[in-house]
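Single chain ahead, by itself, as structure tokens, in the form predicted on its own.
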Amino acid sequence: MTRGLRVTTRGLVHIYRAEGHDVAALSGVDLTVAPGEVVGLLGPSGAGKSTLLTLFGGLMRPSAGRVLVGDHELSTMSEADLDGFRAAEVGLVLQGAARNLLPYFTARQNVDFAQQPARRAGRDVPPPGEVLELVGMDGAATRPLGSLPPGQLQLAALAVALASRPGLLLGDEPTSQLHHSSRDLVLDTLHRVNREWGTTVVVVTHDPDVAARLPRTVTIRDGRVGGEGRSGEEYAVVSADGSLPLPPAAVDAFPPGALVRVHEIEGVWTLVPESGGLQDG
């Protein structure tokens, strides 16, 4: 069984340079994903979800803060070590199946090709047929990719990401643009990989139906962790600096700049807006 990898970030910051300006995609993310968890990253476009996923995979280096995956602190690793880490321990499904596949190969040939770096490094990898069976594609392993429907192409992309039996599987919108039946097939496969291999799974999604099938969700707002969902319950998350992002429904009651009294009575904490309006600034 695969050893699922723990993912931990502390004070994670990532800044892009865009049109002559610095843009903070992430502004201090503190997050832990336990080994073998299945977690969805939610939030509006531009919130930093895909950036966070990319940093998990070691494809970029953070501007500040720490990213630890298993025993590796990614921000201190050399490029050669990062290449070896990704080849052996991380599977990545980019948005859009075609970006993950060589179109002139069959699904089996794609998986075999993806395994070559791990083989050259002397690592044991599962037979391509085993990987394709796990994702439910053993019956279409040798068919031309051009003859496969979108759902099957997405499963082929998932098989490529799983080629080296990674401890961490990252998916950027792996069910986007799929019909319900194909979407459910991909989700079933993600859960099966997690159950049978123990792989840690982290996916970005905008689809509320997908989020509802994930045991834990983390909402990213304005580059920070803004909330979590566990087993259908929604929670706010206290940041390392003590700040508490309000859920969207509470923003109208507590707009930015509002003065709020914090009361504790017999272990129950309440927030009471100060009658007098916004803080002078």
Partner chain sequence: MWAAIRYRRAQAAFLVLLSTLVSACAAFAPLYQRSLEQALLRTALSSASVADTALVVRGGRGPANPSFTSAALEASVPQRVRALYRTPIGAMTDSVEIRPAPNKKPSPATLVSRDRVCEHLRIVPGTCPSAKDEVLVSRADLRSWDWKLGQVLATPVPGAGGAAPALTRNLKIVGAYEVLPAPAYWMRTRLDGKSGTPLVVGTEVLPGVDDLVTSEATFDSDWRQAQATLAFPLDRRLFTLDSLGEISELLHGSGTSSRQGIDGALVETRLPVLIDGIRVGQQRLQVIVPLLMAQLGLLAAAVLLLVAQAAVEQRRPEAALARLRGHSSHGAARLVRRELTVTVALGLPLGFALAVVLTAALRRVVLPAGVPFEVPWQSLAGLATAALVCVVMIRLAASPVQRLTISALLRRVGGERRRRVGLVDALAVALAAFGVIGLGTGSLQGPLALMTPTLVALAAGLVTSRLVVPVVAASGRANVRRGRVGAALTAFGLERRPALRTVVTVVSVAVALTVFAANAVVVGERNWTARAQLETGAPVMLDTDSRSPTALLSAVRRVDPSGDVATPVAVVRRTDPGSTATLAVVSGDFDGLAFQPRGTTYRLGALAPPDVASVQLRGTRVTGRITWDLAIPAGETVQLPSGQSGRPRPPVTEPGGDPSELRIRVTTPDGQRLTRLLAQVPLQGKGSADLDAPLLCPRGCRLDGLEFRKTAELVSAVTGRLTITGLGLDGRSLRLSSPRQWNRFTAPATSSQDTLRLLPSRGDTIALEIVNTGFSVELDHADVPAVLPGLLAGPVPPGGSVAGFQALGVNGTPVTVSAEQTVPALPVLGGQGVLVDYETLARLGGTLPDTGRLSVWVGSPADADRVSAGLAAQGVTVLGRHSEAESKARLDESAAARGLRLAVFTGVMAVLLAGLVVIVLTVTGWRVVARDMAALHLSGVPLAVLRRALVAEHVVPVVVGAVVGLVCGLVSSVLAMPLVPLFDSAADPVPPLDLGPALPAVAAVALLVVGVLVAVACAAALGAGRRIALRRIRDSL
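Treat the numbers as computed from the prediction; the structure is a model and nothing was measured. Positions refer to the first chain, counted from 1.
Note that the form predicted together with its partner chain isn't included here; everything after this is about it.
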item: Heavy atom within 4.5 Å of its partner chain in the predicted complex - residue from A141, L92, L190, V210; value: L92
item: Proximity to its partner chain in the predicted complex, single hit among L185, L145, V201, L74 (heavy atom within 4.5 Å); value: L145
item: Three-residue site T217, V251 and P255 fully in contact with its partner chain in the predicted complex at 4.5 Å by heavy atom; value: no
item: Proximity of P103 to its partner chain in the predicted complex, heavy atoms at 4.5 Å; value: yes
item: Partner proximity in the predicted complex: V135 to its partner chain, non-hydrogen atom cutoff 4.5 Å; value: no
item: Non-hydrogen atom contact L155 with its partner chain in the predicted complex at 4.5 angstroms; value: no
item: 4.5 angstroms heavy atom contact with its partner chain in the predicted complex for P127; value: no
item: Partner contacts in the predicted complex for 96 to 124 (non-hydrogen atom within 4.5 angstroms of its partner chain); value: A98, R99, N100, L101, L102, P103, Y104, F105, F113, A114, Q116, P117, R120
